[in-house]
Ligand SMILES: Cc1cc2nc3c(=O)[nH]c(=O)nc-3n(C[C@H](O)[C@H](O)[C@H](O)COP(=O)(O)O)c2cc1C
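This document opens with one chain alone, in structure tokens, the form predicted on its own.
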């Protein structure tokens, strides 16, 4: 595949970033996963979604989501909430926790989030959205970014208005998932609609949704004229993908993975989960990752059955080594 253009870096505050971001994903993009992604190169990565209410209450599990791996830079925390005052308090806590950049979530479609007038629900209320954006920007000297959708549903696509408000109050960068809230993750992402957002503001815009490989990365960029891409679900079981795409978009070099490298990656990821969560919890959390790592490979169903019955990380490692040996 030939490149149409080399994609330049993106500047946010004092940070110069490659044009590929790893999306924040609840229950997935913890410090262990982000560090595993970093083994393959450098891309900006965002924490799991941190609720402002739980953050302000100093909920230990919530604060744990803001833990970073050693050497992580920049440290980007995503906050979600429906109250300007609570969001502003959470911003200060995030900064104290070491955040370098903040990201406001106005795209989460989950019922428990939107019922709290947060996430994608904010796209139905321009006044509240503006108050929250302004409160967060005013509460910190750190760069603030925004992740949103195209709107609430087909009758309420207001990404252009929200983007203009965001730029007006001082947001540094906007990430747009090319779907409405009502779509959740169904249908195809509308990259051209993201392009309309790009045309409406002067700050950098990142396109998100259905970016799975080099072909879709270039298609999304060509359709949207965005400044960069964000990779989400395609990185599940493929933590090398964001850096692989970053290399391709900035140097035209595509580095392929092979079974032995994948095995080493899985083992390192398992060790990091143990270090981060402890043995017992790591065993439970690792099962979904092993499912993603094995997807599409020969005898994956048998491997998953073994992993789901395993009682220790050492046992899972043994199954990983046997499974990957069979792939060579």
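All of these numbers come straight from a predicted model, not from anything done at the bench. Numbering follows the first chain given and starts at 1.
The form predicted in complex with the named molecule exists for this protein as well; it is not shown, and the discussion that follows is about that form.
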* Structure fact -> As a check of understanding, the residue in 230, 217, 139, 99 with any heavy atom within 4.5 Å of the named molecule in the predicted complex should be identified as 230
* Which of these residues, 66, 283, 266, 28, gets a heavy atom within 4.5 Å of the named molecule in the predicted complex? -> 28
* To do: Evaluate residue 23 for contact with the named molecule in the predicted complex, applying a 4.5 angstroms cut-off between non-hydrogen atoms, and reply yes or no.
  => yes
* Find out whether any non-hydrogen atom of residue 210 is located within 4.5 angstroms of the named molecule in the predicted complex, and reply yes or no. => yes
* With the partner left out of view, is residue 49 within 4.5 angstroms of the named molecule in the predicted complex by any non-hydrogen atom? -> yes
* Contact test in the predicted complex: residue 183 vs the named molecule, heavy atoms, 4.5 Å -> no
* To do: Quick one: find which of 230-238, 83-91, 123-131, 194-202 has residues within 4.5 Å of the named molecule in the predicted complex by heavy atom distance.
  => 230-238
* Tell me whether 75, 145 and 172, taken together, all sit within 4.5 Å of the named molecule in the predicted complex, counting heavy atoms only. => no
* **Those residues of 102-136 which, in the predicted complex, come within 4.5 Å of the named molecule by heavy atom** => 105
